[in-house]
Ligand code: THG
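Given as structure tokens, the chain that follows is alone and in the form predicted alone.
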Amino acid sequence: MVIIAGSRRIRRTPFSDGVEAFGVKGYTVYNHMLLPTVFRSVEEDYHHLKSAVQVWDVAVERQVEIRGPDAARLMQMLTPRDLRAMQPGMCYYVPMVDETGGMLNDPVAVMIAEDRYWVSIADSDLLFWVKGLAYGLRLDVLVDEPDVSPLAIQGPKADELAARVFGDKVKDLKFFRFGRFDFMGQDMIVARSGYSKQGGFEVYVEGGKNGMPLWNALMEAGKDLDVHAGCPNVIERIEGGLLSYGNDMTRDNTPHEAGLGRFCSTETAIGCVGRDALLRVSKEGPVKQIRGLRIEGSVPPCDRAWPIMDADGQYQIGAVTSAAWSPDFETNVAIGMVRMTHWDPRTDVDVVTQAGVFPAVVQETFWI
């Protein structure tokens, strides 16, 4: 058993008491905070997520708040996605890059007002990069981490549970849109979004003191819906092709290599610091890219990158970055970065793991 030693460097969340009361069995560290990874078992959590409803402590999705007259300008500097059409009430998935076009994060940006944004980040210290740009360019903007902690409601019964706590109007929210809803006199932003393919919401809880009252209300309201505490599930996310920053792509990869070219409008994203570096990539295309793979055999846990070799075992043509057994599809599902010479669907390759070499096939699409 691996134990995470507690310290103030690894922060608890406003929902940690609820997570522990429900019997969390594992954590990882994400943005210097505790992120639950398993409750009953990964497979049991997976089946329950697909059939009922779960409440996730995702306070680790820390917010970078950008506020002030130059907020829109700074936001556009961070991403090759053209943000000019963004309006208050919208959420945008925004790959964020450095001056070389390398990915620094793949957050969801929430436009609170014309001059105020929250950037809901994946696991990296993006705050420092944003503060550095703001200070170095003397922009008229404040950059900070507000006391905002997301709580996710995910699963096929998420609409019903959310409606019981926030009212029926929450069901009218469109994908990647948010509204303001009352909870015990507290105005809360609720967005139709989340890190699963099962559908649901993310509640941006302002003020840590409001965390457990909301957690408890959702748990009480969802008893007959078989509500459980849950967490992002590695099997379900791989099936859906949901990427994990730091696992499936890093600063060494461009958004195009990560398969996120559809979120880039490099020609018109004037001001993006990585625009010049990405113009060539957007025109010529990447030489390697994220692909789904099916791996045969009893593979070990994927806790390191696995080299992908050509079928003759002579050349490395990529690496598997995430993998898990899928009970629903009865195969090992995987995500990997594959060179263009071997990324066509139904291409046979070999995957080299710490437990041996396993045959694999490149998929045409992800599973869900």
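Bear in mind the structure is a predicted one, so any value in this text is a computation, not a measurement. Note that residue numbering follows the sequence shown and begins at 1.
From this point on, the text means the form predicted in complex with (6S)-5,6,7,8-tetrahydrofolate (THG), which you will not see here.
*Asks:* Just checking whether W129 would be counted as a contact of (6S)-5,6,7,8-tetrahydrofolate (THG) in the predicted bound form - the rule being heavy atoms within 4.5 angstroms.
*Replies:* Although (6S)-5,6,7,8-tetrahydrofolate (THG) is absent here, W129 would stay clear of it in the predicted bound form, with no heavy atoms inside 4.5 Å.
*Asks:* May I ask you to state whether G194 is within 4.5 Å of (6S)-5,6,7,8-tetrahydrofolate (THG) in the predicted bound form, using heavy atom distances?
*Replies:* Output for G194 is yes: heavy atoms within 4.5 Å of (6S)-5,6,7,8-tetrahydrofolate (THG).
*Asks:* Against (6S)-5,6,7,8-tetrahydrofolate (THG) in the predicted bound form, would D159 count as a contact residue? Criterion: heavy atoms within 4.5 Å.
*Replies:* Judged by the heavy-atom cut-off of 4.5 Å, D159 is well away from (6S)-5,6,7,8-tetrahydrofolate (THG) in the predicted bound form.
*Asks:* Check C272 for me: does it contact (6S)-5,6,7,8-tetrahydrofolate (THG) in the predicted bound form (non-hydrogen atoms, 4.5 angstroms)?
*Replies:* Result no; C272 lies far from (6S)-5,6,7,8-tetrahydrofolate (THG) in the predicted bound form.
*Asks:* Tell me, please, which stretch of 160-168, 201-209, 222-230, 280-288 lies within 4.5 angstroms of (6S)-5,6,7,8-tetrahydrofolate (THG) in the predicted bound form when heavy atoms are compared?
*Replies:* Among the candidates, contact is made by 201-209.
*Asks:* Just to confirm, with a 4.5 Å cut-off on non-hydrogen atoms, which of D248, D106, E239, D82 contacts (6S)-5,6,7,8-tetrahydrofolate (THG) in the predicted bound form?
*Replies:* Only one listed residue qualifies here, and that residue is D106.
*Asks:* For the stretch 255-272, I need every residue with any heavy atom inside 4.5 Å of (6S)-5,6,7,8-tetrahydrofolate (THG) in the predicted bound form, listed N to C.
*Replies:* Residues within 4.5 Å: R262, F263.
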